[in-house]
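Encoded as structure tokens, the following chain is the form predicted alone, with no partner shown.
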């Protein structure tokens, strides 16, 4: 089952396309990282998936073919926006009461127990909480709805390292319990620790999509003499970084592309891979099969 699937999806604001020709199939059971520069269309894609915006072109379905924004979709998706949407003048207990009344399914006992574990009193007003506590309250409210898909838009952007670590630990625990997660973030080091599926947006289009282990296996870093870097321009090079003595080429791996004499090959990390594609927005990832029905290894930006 695909938790998010799009076909020719686009969103236009006036004459500007925030997202265009987006084709995705995100399989269930993953922590999916959504990355890209500012203005790439990440928040637009998330808003379309959770039903907060309507497409200008194409279609988006969730949870195995349910139209985004429909009652069935809303009942199975929880969304936490970047600004940790809590009412500052309401207490934590009030937020539990309001959220419980607005949703068909809400596990109040779970929410109360989790807030107690976090040391957040039910009588404490959200406006008097730290940024980390507000984020944890918003996440608790989302998880208490027992969603099948948890969507997070830059949830740790304003948190300190400890609050960020605690927040992501809760997300990983939810994923271990079977919740699919779609997470937008600029914190690449954090994503490398938690994500097993990657989507990279650039200029409103999907540039890379696939399981992290497959994408990493399909790339490697070549290091060799800087003066010889141009000799390999015909190879599937994603990005070149030159020094005075050495050059480092992130390339697509393959048996047909052996390591040149005098060069060394090294494995690639997620952060290294993402940065290379962000620096080369016209590059497209190596096509190939992905695991899971409907999943695609890559969607090439045209």
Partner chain sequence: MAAGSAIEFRLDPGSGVPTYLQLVQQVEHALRLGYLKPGDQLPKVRDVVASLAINPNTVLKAYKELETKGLTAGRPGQGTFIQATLSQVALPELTGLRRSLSGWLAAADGAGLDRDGMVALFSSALRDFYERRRGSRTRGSPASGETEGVA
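Numbering follows the first chain given and starts at 1. No experiment lies behind these values; they were computed from the predicted model shown.
Omitted from view is the form predicted in complex with its partner chain, to which the following refers.
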| property | result |
| --- | --- |
| Interface membership of residue 160, its partner chain in the predicted bound form, 4.5 Å heavy atom rule | no |
| Heavy atom of residue 31 within 4.5 Å of its partner chain in the predicted bound form | yes |
| Contact test in the predicted bound form: residue 173 vs its partner chain, heavy atoms, 4.5 Å | yes |
| Interface membership of residue 118, its partner chain in the predicted bound form, 4.5 Å heavy atom rule | no |
| Residue stretch of 126 to 134, 173 to 181, 73 to 81, 93 to 101 approaching its partner chain in the predicted bound form, non-hydrogen atom distance within 4.5 Å | 173 to 181 |
| Site check 165, 169 and 194: each within 4.5 Å of its partner chain in the predicted bound form by heavy atom | yes |
| Partner contacts for 197 to 223, taking its partner chain in the predicted bound form and a 4.5 Å heavy atom cut-off | 213 |
